[in-house]
Each structure stands twice: as C-alpha cells, then as structure tokens.
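Provided below as structure tokens are two forms of one protein chain, presented individually as structure 1 and structure 2.
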Structure 1
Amino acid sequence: MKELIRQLTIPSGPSGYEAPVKEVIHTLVQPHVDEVYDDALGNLYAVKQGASGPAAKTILLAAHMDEPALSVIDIDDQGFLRVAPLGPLRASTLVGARVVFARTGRRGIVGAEHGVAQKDLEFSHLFVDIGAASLDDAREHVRIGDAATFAYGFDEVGADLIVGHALDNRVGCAVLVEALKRTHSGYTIVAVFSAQQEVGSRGARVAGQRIHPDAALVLDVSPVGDTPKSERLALTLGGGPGIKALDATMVVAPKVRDIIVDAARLADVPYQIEVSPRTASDAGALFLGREGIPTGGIVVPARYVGTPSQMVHLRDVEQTVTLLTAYLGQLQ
C-alpha cells in the first residue's frame, strides 16, 4: 500500500485538472476490472461485473481524485501572482508553502504582505512568487486561471506513518484500487474516481445520476482529534478505519451504517465512528441522487487535513482495505 499511495501522489491533480491522476489510476485498475471509461466531467469509472439477471444489483464506490489548490486570479506588474483557493484551504497555513503549477510544472513559493498578523491572514494578503522579473516574464510561465498544488511529495515518518501533500484523497483512491484487485461480490461494482470534489462534489453528483446504483459508499480521509488542544473529534490515528455517521453533507441512515459495522466485526477489524460536522464529502451528493441513494462512508483518519503535509497511519489504510473487501464480499 505504501508504494501504491506514493505512486498516486506523484501527479498533480487540482480540481478540474485531474487528468494526470486519472491516467495513473486507469493503468492500475484496467487489469482487474471488466470495463474502464470516463465522462465529460472528468470522472473515471471502473466496472467489475457481479451477478446477472433481473435481480442483479449495483453498488457505486467513490473516491475523489482532486486535491486542494490555488488558482491564479491576477498577475501584478512585478510578476507576483494573486490567488484564490480551489477547495478548503486556510490562508494562515500557506505562507512559505512550495507549489507547482499543473499545466506547466512551474514552481513557486507562497508569500504574504508585510504587516499582517498570521491569525488575520486572508487570501487577499497572499501572493505566489515564481521568480519572475516582470508581468511579461510571469505570463510566459503562468496564465490567469492556472492552478497550483503543493509540491511536497511523499515521506515516511517512523515505521508506519506517511506524510504527503495529496493524501486527501489519494489514500481513498489507493484503497479503492486495492479493493478492486481483491474483491469478489454478488453486486456489480462501479468504482468512481471522482472529479471536483473539493469544489462541491460535482463529479459525484454526475456519477450518481449516471449509474443509478442500489447503494453507494464513499472512501475518503477525515480529521482526527488526537493532537494537542485539537478540536474534539473521536477519530484517532492508528485506531482503525472510521465508519461515517455524519458529516456536513449528510446523516447516514443507521441501517446503512450498521451493515458496515457488521462487516468490520466479522472481519475482526477495529473501527471508529466518524462524526465530522465541519467537513464535506461526496456522500451528500450521492445520497441526494435521483430518488435518493442509500449511502455510507468509510474514512481513513488523518492529521493536518487541509495543509501541505497530511499524515496517515499505514495500519489504518490496510484495515480500511480489509473492511471494504469484507463489506463487498457480503453483498449478495
């Protein structure tokens, strides 16, 4: 799993520019499924056929490919770039961050106007320095509307912890890729590697309308509450996968959540319950699709979500794959 996650964090994939990530995933899943295709919005679909006949059912599994980014909204006469967030970023965490532009590969550093206290920083105070000497020089490398993601790569911290700028949500993508290799289910599995989650779950909304599944399950990361003076959240790093109870977009029906809990118990996987009222996921968009789709979620606990360096525990990742495989295996 470590190497798979590393491979998935190499390409830059800001919302709306997920193609490089999609190409890697396409190569990884194609040998293990019956069909792979995409849509106009940029979602990637991988289909693994289950039972056939009039009683056949379909489950949609979703993991978003995109990562938070900065979008260029202006370039000044000195060649500094003014930016706006694509996704849930906080200005106060970005000063000094290194970024790379998805279209050209140009790198830069986030700076802030002098005299503004860190706690008061807003995006109007930030700029990106790409080393340009003038407006014309900057325009040779970056255009208005170009998007930049963080340029921190993938690192190991200790034996079982990994850190990366795009673990939200390449970890969920890795779990889904690995589950497609291991899983056999009575349901037809449609794995959706979704686009533009960070800006409103746009890809998931389209996928839910297109597939008409009998059920859906979202794979993502979720913030923990185990660091000093952190927000009071029940998830802890290393405590096992989180089973979604609610987030900002939906409340999971108890009967849906209980099926996942039962799978965890049968597979002897430790689990936690995710209650995350401040975060959004693709679950809400799928849940409201068509006449309503029974939707649940499994999350990998993560520290420092929404920053250039996110952290997960490899044991949590492996146990999430085990739980997902067990859940799918019991669907008949």
Structure 2
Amino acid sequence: MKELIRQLTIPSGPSGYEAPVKEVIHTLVQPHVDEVYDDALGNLYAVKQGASGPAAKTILLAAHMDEPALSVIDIDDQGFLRVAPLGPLRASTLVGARVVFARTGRRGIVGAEHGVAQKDLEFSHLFVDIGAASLDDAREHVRIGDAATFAYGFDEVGADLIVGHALDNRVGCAVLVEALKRTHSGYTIVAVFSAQQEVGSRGARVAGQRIHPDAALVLDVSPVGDTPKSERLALTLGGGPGIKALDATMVVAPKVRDIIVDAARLADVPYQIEVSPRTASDAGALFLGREGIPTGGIVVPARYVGTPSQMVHLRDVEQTVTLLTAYLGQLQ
C-alpha cells in the first residue's frame, strides 16, 4: 500500500485540473475493470461488472482526486504570478510554501508583499516566484488559468506513519484502486475518482446523477482528535477505519451505517465511528442525486488535515481496504 500511495501522491491534482492524477489511476485500474471513461467535469469512472450479471445492482464508490490549489490570475511585468485559491486555503499559511504547476511541472515559491501583518494577509498580497526573469520568460512556463499545488511529496515518520501534502485524498484513491484489484462483488462497482471535491463536490454531484446507483460509498480521510489540545473529534490515528455517521454534508442513515459496521465485525476489523461536523466530503452531493441515493462512507483517520503535512497510519489504510473488500463481497 505504501508504494501505491507514494505513486498516487506524486502527481499534482488541482481541483479542475486533475489530469496528472487521473492518468496514473487510469493505468493502475485498467487491468482490473471492464470499462474506464471520463466526463465533462473531469471525473474518472472505472466499472467492474457484478458477478450476478447484467441484472446486478450498482454501487458507486467515490474517492476524490483533487487537492486545494492556487490558480494563476495574473502575471506581472517582472514575471511574478498573482494567484487565487481553489478550495480551502488560507493566505496567511502559504508564505514560503513550495508549489508545483500541474500542467508543466514548473516549481515556485509563494511570497508576500512587505508591510502586511501575517494575520491580515489576503491572496491579493501573495505572489508566486517561478524564477522567471521577465513576463515573457514566465509565459514560457505558466499561463493564466494554470494551477499549482504544494510540492512536498511523500514522507515516512517512524515505522508505520506516512506524511504527504495530498494524502487527502490519494489515500482514498489508493484504497479504491486496491479494492478494485481484490474485490469480487455481486454488485456492479462503479468506482468514481471524483474531480472538484475541494470546491464543493461538483464532480460527485454529476457522477451520482449519471450513474444513479442503488447505493453509494465515499472513501476519504477525516481529521482525528488525538493530538495535544486538539478539537474534540471521535477518531484516533491507528484506531482503524472510521465508519461515517455524520459530516458537514450529510447524516448517514443508521441502516446504511449498520451494514458497514456488520461487515467490519464479520471481517474482524477494528473500526471507529466518524462524527465530523466540520468536514466536507462527496457524500452529501451523492446522497442528494436525483431522487436520493443511500450513501455512507469509510474514512481513513488523518492528522493535520488542511495543512501540507497530512499524517496517516498505514495499518488504518490496510484495514480500510479489508473492510471495504469485505463489505463489497457481502453485497448480493
């Protein structure tokens, strides 16, 4: 799993420009599914037919590919770029950050205008320095509309912990890729590697309407409450997969949640219940598709969500795959 996550974390996937991540996933899932296609929003769909043939019910599994990014809105005469946020980023936390542009791979550093107190920093005070000598030089490498993400990659801390700027949600993508390899289900599985989650689950909304599945399940990471003076949250790092009860976008029906809990018990996988009132996920957008789709979620607990150094426990990831595979296997 570690190698798979590393592989998925390296490409840059700004909301709306997920192509570099999509290419890697496409190659990984192709041998294990019956059909792969994409759509106008940038979602990648991988379909694995159910064992019970064409009459099989459908389950949609969603993991978002995108990460928050900086979108270039202007290039000045000296070749400095002005940027605006795509997704939840705070200007005051970005000074000195190293970023990489998804389209060209060009690297840059975020700088700030002098004379503004850190707490008062807004995006209009920030710029990205890509080492360009002039406007023309900058235009060789970056265009207005290009997007950059953090460029910190993947790290290991101790024996079992991994850290990365895009573990949210390449970990979910990795779980989904692995489940597609291992799973045999009575249901037809439509795996959606969704686009534009960070700007409001736009990809998931369209995917739910298009596929209109009998059920949907979201795979994501979710913040833990186990660090010094952290917000009180239900999850603990290393405590096993979180089964979604509630996030900012939806309340999971107890019936839906219980099926996943039963799967965890049967498979002997430790689990936690995710109650995360301020975390957004694709669940809410899927759940409201057409006449409503029964939707649940399984999350990998993560520390430092919303920073460039999200931390995940590898055992939690493994157990999430086990739980997901068990859940899918019992669907008839």
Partner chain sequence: MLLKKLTEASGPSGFEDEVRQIIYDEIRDIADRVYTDALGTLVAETNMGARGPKVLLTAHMDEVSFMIVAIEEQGLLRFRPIGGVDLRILVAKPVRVGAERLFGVIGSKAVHLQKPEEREQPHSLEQLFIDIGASSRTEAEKYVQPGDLAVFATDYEEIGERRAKAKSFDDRVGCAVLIETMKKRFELPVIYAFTVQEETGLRGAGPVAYRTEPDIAIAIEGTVCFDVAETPSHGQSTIQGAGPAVSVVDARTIAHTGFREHIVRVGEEQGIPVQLRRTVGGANDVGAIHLTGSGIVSAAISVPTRYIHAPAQIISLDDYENTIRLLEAVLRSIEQGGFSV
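Rigid core here is just the name for the largest C-alpha set that superposes within 1.5 Å across the two forms. Every value quoted in this text rests on a predicted model; they were computed, and no experiment measured them. Quick note, the numbers are simply positions in structure 1, starting from 1.
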Structure that is the form predicted together with its partner chain (1 or 2): 2
Hinge of the chain between the two structures, where one rigid part gives way to the other, from Y187, V128, D66, L176: D66
Smaller rigid part, angle turned between the two structures (C-alpha superposition) in °: 13
Rigid core fit between the two structures: Cα deviation of Q118 in angstrom: 4.7
